[in-house]
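A single chain, nothing else alongside it, follows as structure tokens in the form predicted on its own.
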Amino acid sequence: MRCGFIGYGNMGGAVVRALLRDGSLHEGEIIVFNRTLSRLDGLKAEHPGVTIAASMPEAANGADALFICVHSPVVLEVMSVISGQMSAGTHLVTINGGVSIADLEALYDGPVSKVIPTITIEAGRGVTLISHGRKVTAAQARALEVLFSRSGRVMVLPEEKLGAATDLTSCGPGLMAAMMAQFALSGARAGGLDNEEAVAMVAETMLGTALMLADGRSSPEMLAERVATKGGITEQGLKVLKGELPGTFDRVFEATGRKRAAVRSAMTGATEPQLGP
């Protein structure tokens, strides 16, 4: 399977490195283009068999699957450059939430899917979200889903459900890291702990908690009940969280929803492709 990648920013780079690490793709199956070629130096040094393309059309030409890994507002402009270089059977994949499958199908008369990865794909964990367009065959859908299955869990959803799901999975690591940081800072202030010690405690505790939930043998509610003895210390902390967190998280989803709508409306306002740092 020959895969082209246009854009090697934070998320595009994470995807390429994860697929190589897991053996889902081999070096000779990958061709990558990025505006700033020096950003690809590390990839080329570690994986000399990867082809570095000199242009976007070169990355697109002959690809079985072509991944567009650039900023949402300029995806459609990139398409205007490469659409003539793709064969009718090339499976076009965007990793941007702000561009709809219908947008791409209006420019390309072939199979289109959307993949929303997470930065934790580099750790071999997390959820990769996938939606397929109407022209994607069963074989192409299966191949794309299997491609990401070694790098975490794959969940296939209709496109209209991707917004909130993206906040939970792709935005989630950033949001959770911010929560961890505040939890650790508060603990350090309350107990006179060194901040690095507090962060290490929180990180290991969250990892253990996540693993207990991931195996399906416990729910968040069950785990909280096991930890919180009636009338005990944990119960007092949970009362605070239950009173304040619902409104906070509702506002988080409202803010991300507004930004997603703004990105969508600004897509046609970009003037020049910006292919990552």
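Keep in mind that what you see is a predicted model, and the values were worked out from it rather than measured. Numbering starts at 1 and runs along the sequence shown.
The form predicted together with a small molecule exists for this protein as well; it is not shown, and the discussion that follows is about that form.
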For this session: Work out which of the listed stretches, 210-218, 27-35, 57-65, 245-253, brings a heavy atom within 4.5 angstroms of the small molecule in the model of the complex.
Result: 27-35
Exercise. For the spot marked by Ser100, Glu105 and Thr137, is every residue within 4.5 Å of the small molecule in the model of the complex through some heavy atom?
Worked result: no
For this session: Examine Arg39 and determine whether its closest non-hydrogen atom to the small molecule in the model of the complex is within 4.5 angstroms.
Result: yes
Exercise. Is Ser131 close enough to touch the small molecule in the model of the complex, meaning at least one heavy atom pair within 4.5 Å?
Worked result: no
For this session: Please check if Pro117 has a heavy atom lying within 4.5 Å of any heavy atom of the small molecule in the model of the complex.
Result: yes
Exercise. Within a 4.5 Å heavy atom cut-off, is Leu20 in contact with the small molecule in the model of the complex?
Worked result: no
Problem set entry | Heavy atom within 4.5 Å of the small molecule in the model of the complex - the one residue of Glu122, Asp167, Glu145, Glu77 that qualifies | Glu77
